[in-house]
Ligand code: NZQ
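In the form predicted alone, a lone chain appears below as structure tokens.
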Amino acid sequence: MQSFEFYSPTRILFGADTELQAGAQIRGLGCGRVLLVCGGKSAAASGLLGRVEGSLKESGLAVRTLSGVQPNPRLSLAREGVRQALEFGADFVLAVGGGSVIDTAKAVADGAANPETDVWQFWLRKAPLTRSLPLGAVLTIPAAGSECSDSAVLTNEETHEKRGLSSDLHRPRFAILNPALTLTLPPYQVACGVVDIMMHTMDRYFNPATDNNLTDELAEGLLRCTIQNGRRALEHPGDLHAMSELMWAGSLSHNGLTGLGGAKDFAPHQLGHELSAMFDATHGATLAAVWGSWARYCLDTNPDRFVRFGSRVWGLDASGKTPQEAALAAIQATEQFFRSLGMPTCLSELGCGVLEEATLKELAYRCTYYQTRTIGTFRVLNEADILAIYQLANH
């Protein structure tokens, strides 16, 4: 086990009707004016928005609501949220929704605490983020893990750039997890969430460390739990136990726990981000579409890691197989599971068709932030490597 520092300050309130505690949590933090950030009509139609707003008002808090968050959260709405937060004098930002809503709330909190700086400058690393408003989350979609993470993504719809920004300032003060809020999610959204939870774990599991340790065991257990309950949730819609397990797995998958002692890889995430930015594709689907190609390209870096993954996560027997054959079987098992969820495993299945070579080169160029970075740690990938992976997925 390598040296590490673990910091996960978010208070978790898990269980039935926990959304009714939102007001007391915020009042306990000494705040009084709340900008509530949410998505479309579902939160209002389900009654959730009314219950949360009622909790805030019962605690004597002033509330303004910003709605309209879309998947692949938009910079333009974050900027509008900053404007409204400043106009309202908000001292707390509350997200009610999934990862896109929470990431938007994080951006609003950053911008409102730094009115002299356009919020996109933080995501471009052109300005340091040194302060932010406190925020909380009422989670409705088990997927992104943003309710417990230090990261947030934004999409600049004008330039088609999707960027991530990590900061401990992004960690919510509290996260409310009521699994009952997830029971009416469409199957496609559940499936995308299952992939996202797995990938947040796998992008830490596949790292340069070669020792097998407790962190590996935690990651493997979380993956097995997610696979089992992902199947169950899709076979039995509305299964409270399955969605409870997925909700908690999503939070643990992205709070740093499953990567302690290793360097995060997250190359598949970076590959997927460029597809989301260019084609406005759903995040979890883009990850499923490129992971198998990334894995095949990187297999020879450390076949034994894939062999262990196949054994501990998928229960595969490597007897009589070479390490490369056993590693390939683990990759195939993962892709087969993605397909069973209705998820894509190549670009044509993602819905963007078989792409022209010029488009693949543009994706690779953008993924390097215009030739200013490499990606990954399991295997460090340059522009030529990234292009090769997109080419492998281009069918």
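Quick note: we count residues from 1 along the sequence shown, nothing fancier. The structure displayed is predicted, hence computed values, not measured ones.
As for the form predicted in complex with this ligand, it is not shown, yet the points below apply to it.
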Given the stretches 234 to 242, 109 to 117, 68 to 76, 289 to 297, which is the single one in contact with this ligand in the predicted bound form, using a heavy atom cutoff of 4.5 Å?
68 to 76
The unique member of T182, T201, T226, S251 whose heavy atoms fall within 4.5 Å of this ligand in the predicted bound form
T182
Interface check vs this ligand in the predicted bound form: of A90, L246, L222, V153, the one with a heavy atom inside 4.5 Å is V153
Taking this ligand as it sits in the predicted bound form, is G40 near enough to touch it, meaning that at least one heavy atom pair lies within 4.5 angstroms?
yes
Is there any non-hydrogen atom of R312 lying within 4.5 Å of this ligand in the predicted bound form?
no
Counting only non-hydrogen atoms and a 4.5 angstroms cut-off, does H269 reach this ligand in the predicted bound form?
yes
Does D265 reach this ligand in the predicted bound form, with heavy atoms at most 4.5 Å apart?
no
Any residue of 74 to 111 with a heavy atom within 4.5 Å of this ligand in the predicted bound form counts; write them all down in order.
G98, G99, S100, V101, D103, K106
